[in-house]
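The structure tokens that follow cover one protein chain in two forms, given apart as structure 1 and structure 2.
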Structure 1
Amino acid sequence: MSPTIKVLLAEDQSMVREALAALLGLEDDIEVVAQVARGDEVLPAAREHDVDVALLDIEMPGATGIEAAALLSKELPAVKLVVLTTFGRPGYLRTAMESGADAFLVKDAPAAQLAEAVRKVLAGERVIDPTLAAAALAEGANPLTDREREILRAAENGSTNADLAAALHLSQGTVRNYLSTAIQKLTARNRAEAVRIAREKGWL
């Protein structure tokens, strides 16, 4: 029979990572050959271990799983990419696929889908939740410009306009202009609501 599938597992929470490794370890045809806890450790580890499939959590320090996916698909295009996330945000799906992901799984899907997805991507298939795919297509593309996104992200923790202006080397008026247009694009009533909406859609 065919050799075992070599998997790289990237997930920052040790307990979850090792638990997922245990889960995959129960499968005869799958072997977890490397584990990393940070996005920026993915590429080096993949280079070192000659992996078939990389399993990438999105929320990680160093770099997100999506950023890691983009790097991998450029540097090691033979490696198949499964993106895993807590949040089924349509925008995540979109950018993950644009970054070269072959599968997109949410963590509240049944565990059996994990091993299944690994096998399927190796066979050249793509695996995505149809509901999520529909949602991603329905909501359209991210309407925010780079700068607007950046400023919204910076505004998330409760910074004042003065803080933001200083942090981003802008005038306070400019900060307010960007926030104002972002608020309108997202049909929010203030910056906090705008941040929430953008987060929900996966646009940040």
Structure 2
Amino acid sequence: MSPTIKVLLAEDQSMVREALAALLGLEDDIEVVAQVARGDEVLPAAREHDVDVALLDIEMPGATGIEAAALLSKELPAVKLVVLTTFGRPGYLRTAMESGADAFLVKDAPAAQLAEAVRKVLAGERVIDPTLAAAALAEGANPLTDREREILRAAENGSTNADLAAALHLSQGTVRNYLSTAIQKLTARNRAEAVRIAREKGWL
């Protein structure tokens, strides 16, 4: 008999998390050994429970699933990473893969498909939802540079250029230039619209 695959489940909505845990628990070779509701709880839980595979929701408090994936990939490279999303935002696929994810699936995929993805990533395979893959190819690459993304993320809460400049240790002119370039690239009318477009496409 093959050894049980130890899984960590990170999902901030308790009903969804418990449903996923119950469905995966029906599989003979999979055991959900840890459940967390925050992205910043992922690494400590993965360490404590010596998990084989981490299933990570993208949107979580504390840290996003993609940030948690990047940290796990660096700190516990043996752990396989499955990123789950409810969003059809193709930009997330590219970002997730760059963060070290081994699989990228929609959260409402059938339980059997999730279980099979867990087995496949443990065997060294990559698993990508075909619809998301097609959308990502059609969408093209993220046009924003790392610095433009950083500034748009910082601008999300309505900070002034002066606030952004102070927080990012840049001059106000430099911040203005980055914002202007990002707004142009996204064909947005202003920074708020640029943030919204980039967020919708999964580019932040």
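Values in this document were obtained by computation on a predicted structure and should not be read as measured data. For the two forms, the rigid core is made up of the largest set of C-alpha atoms that agree within 1.5 Å on superposition. Quick note, the numbers are simply positions in structure 1, starting from 1.
- Between the two chain copies, the one drawn from the form predicted on its own is structure 2.
- In this overlay on the rigid core, S180 has a C-alpha that sits 2 Å or more away from its partner position between structures 1 and 2.
- Core-superposed comparison between structures 1 and 2: the CA of A22 stays below a 2 Å shift.
- A displacement of less than 2 angstroms separates the C-alpha positions of L56 between structures 1 and 2, with the rigid core held in common.
- In the core-superposed comparison between structures 1 and 2, the CA atom of V195 travels 3.9 Å.
- Comparing between structures 1 and 2 on a rigid core frame, one finds that A154 has its C-alpha moved by 6.0 Å.
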